[in-house]
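The chain that follows stands alone, in the form predicted alone, written as structure tokens.
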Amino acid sequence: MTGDRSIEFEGVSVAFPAARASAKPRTAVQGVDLSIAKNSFVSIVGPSGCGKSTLLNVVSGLIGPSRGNVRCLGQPVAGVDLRVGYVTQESNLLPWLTVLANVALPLKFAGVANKDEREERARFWLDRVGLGAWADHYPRQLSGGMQRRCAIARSFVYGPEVLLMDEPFGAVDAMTRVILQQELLDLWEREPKTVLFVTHDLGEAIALSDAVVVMTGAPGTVRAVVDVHLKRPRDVAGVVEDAEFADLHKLLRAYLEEDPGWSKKEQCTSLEQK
């Protein structure tokens, strides 16, 4: 791996065992070749079931490829790496812990033995995401958007070099989503790291990213990588007015509409939402 690459997929295929003896194994992704530049923000879009989440799981070390090689931060992926953070579709906050304790927990796993230090760092990141006043509350007392903020703070608190995000804003309303997108970009610009972001929302992918990877239907492979040259820092709510945004949205949509696995119901028309 060259020094300017954080993640590399080389001929990666992932097949899952059949659920029944009479069935065939299911191939989720096949022959994926993809390089992700250091400290870049890259989104992955594609039809449901095309293996977007599978690629994140391979990078995280949760599953291994059936074929091919995956390298992350200069090393073959051989298991879970604390240098890699993961924000899933659910907040996955522990309900019996306070907001502060939830955010501080990764620091304990990362070997930060001093409780005061863990809590100080957790409070810093809660302040960053606007939850400082909620540190002593429990997840059930937070709105959906606040839970997403808490999950993001928990992922940033221990300083991972790579952040995997699997549709992190899919369950919140449109207005909250735009706010969270902007907050994520602001955090990323202050604390650069490599972000690999899965979404169904083409507008979200364009507004956040340096590049958008378009996957084919299952078994998923890379159909195209589209560079996004919108200037940074970005105003997520205002970037939709840029002519390049509209052109990119049209291009991505055209790629996806050519794929028989892409349902029109999946197309999230962010141009209209925003």
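Each residue number is its position in the shown sequence, starting from 1. Between two forms, the rigid core is the largest collection of C-alphas that superpose within 1.5 Å. Please read all numbers here as calculations on a predicted model, not as lab measurements.
What comes next is about the form predicted together with a small molecule, which does not appear here.
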- line: Here the chain appears without its partner; judged in the predicted complex, the stretch of 244 to 252, 229 to 237, 206 to 214, 46 to 54 with heavy atoms within 4.5 Å of the small molecule is 46 to 54
The small molecule in the predicted complex: contacted by all of 16, 26 and 89, heavy atom 4.5 Å: yes
- line: Heavy atom within 4.5 Å of the small molecule in the predicted complex, from candidates 167, 183, 81, 161, belongs to 167
query: Since exactly one of 128, 118, 177, 200 fits, which has a heavy atom within 4.5 Å of the small molecule in the predicted complex?
result: 200
message: Superposing on the rigid core, is the Cα displacement of residue 90 between the shown form and the other one 2 Å or more?
response: yes
